[in-house]
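Here we start with a single chain on its own, the form predicted on its own, put down as structure tokens.
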Amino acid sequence: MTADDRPKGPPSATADSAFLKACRREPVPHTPVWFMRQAGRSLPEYRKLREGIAMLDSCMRPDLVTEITLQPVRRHDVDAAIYFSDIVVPLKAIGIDLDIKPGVGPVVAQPIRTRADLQRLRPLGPDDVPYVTEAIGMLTRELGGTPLIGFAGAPFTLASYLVEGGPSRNHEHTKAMMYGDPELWAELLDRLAGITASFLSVQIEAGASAVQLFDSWVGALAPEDYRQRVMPASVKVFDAVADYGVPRIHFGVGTGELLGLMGEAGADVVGVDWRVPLDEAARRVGPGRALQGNIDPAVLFAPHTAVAEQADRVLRAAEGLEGHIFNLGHGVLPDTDPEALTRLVAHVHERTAR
């Protein structure tokens, strides 16, 4: 598909939603809300549906993906759905031998450490992920005017999993490659940027109204390392999907020192974790971009009065922003009471009704 053939902008059914208006920094009827990792995690109906089904298998079954994505929308009345998948799905789709182990996370059988290993990272095409196209088609029919957010893992975070062989606290092997063999590192991230861009394109062409790039581990880097060694790959991803005209969200954890650079990479919306107040985040990001966030997920374990107080603190910090999407500062914790999330959505909608 050429740039001229690409769909321009989000589906018309969702274009006037509060979520997309906030992404575009337009006036909204209320501050829109959605939660990272809302599709499952804390919901008993999700756990029941997933019984006996491995995570990656559930990501490749359109019927399960559709139902899991819809569950929190029905329960919480959030303003957007997030496509149920995992950041390693495109890597699995191109043949990387990996699995998601309960309690551990993605584990790669043969880590990528040499130039020869790069040959395993072939380009991704729509035929590699037909279940994504099918699931998004099913979802957009069910969601109607509620936007669907597509997502993918950012090149740095995918590289970290591939090089380390799994989750890592210190990213020793990743940084050793980044500093010790910068040419290999740059080629690795460039290949991953191409795979990620293709995965996002499939989702947009199937009907996603916006996309979010998750860079979960990039907070491990100093700003100058991010600028020189990571940002070019993120720019490549955002540039590749720019012509679609859908909002692009960029989120990382522990990225307070990187917020300005993450915006410069090409995001329309910058996600902020709970460590930086939104008014300060706006100063760091600069004008021309909306912000998303940023209540601490652990706050949801406190009584509702305390949750409401912390939500109001976030909303006060967001006053005067060009655009604001209320979210957690990271993902929903598995033991969160679903009712706490439902009450939080209602509270934000009520407090910000215009």
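Heads up: residue numbers just count along the shown sequence, starting at 1. As the structure is a computational prediction, the values presented were derived from the model and not from experiment.
Keep in mind the form predicted together with a small molecule is missing from the figure; the text below concerns it.
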- Message: Please tell me which of 123, 95, 145, 105 lies within 4.5 Å of the small molecule in the model of the complex, judged by heavy atoms.
- Response: 105
- Item | Selected contact from 255, 174, 85, 234, since only one has a non-hydrogen atom within 4.5 angstroms of the small molecule in the model of the complex | 85
- Message: Whether 40, 214 and 217 jointly form a contact site for the small molecule in the model of the complex is the question; each needs a heavy atom within 4.5 Å.
- Response: yes
- Of 268 to 276, 76 to 84, 135 to 143, 188 to 196, which is the one stretch near the small molecule in the model of the complex, taking non-hydrogen atoms within 4.5 angstroms as near? 76 to 84
- Could you confirm whether residue 100 comes within 4.5 Å of the small molecule in the model of the complex, counting heavy atoms only? yes
- Query: Taking 4.5 angstroms as the cut-off for heavy atoms, does residue 131 touch the small molecule in the model of the complex?
  - Reply: no
- Message: I'd like to know if residue 238 sits close to the small molecule in the model of the complex, meaning any non-hydrogen atom pair within 4.5 angstroms.
- Response: no
- Message: Is residue 36 near the small molecule? Define near as a heavy atom within 4.5 Å, in the model of the complex.
- Response: yes
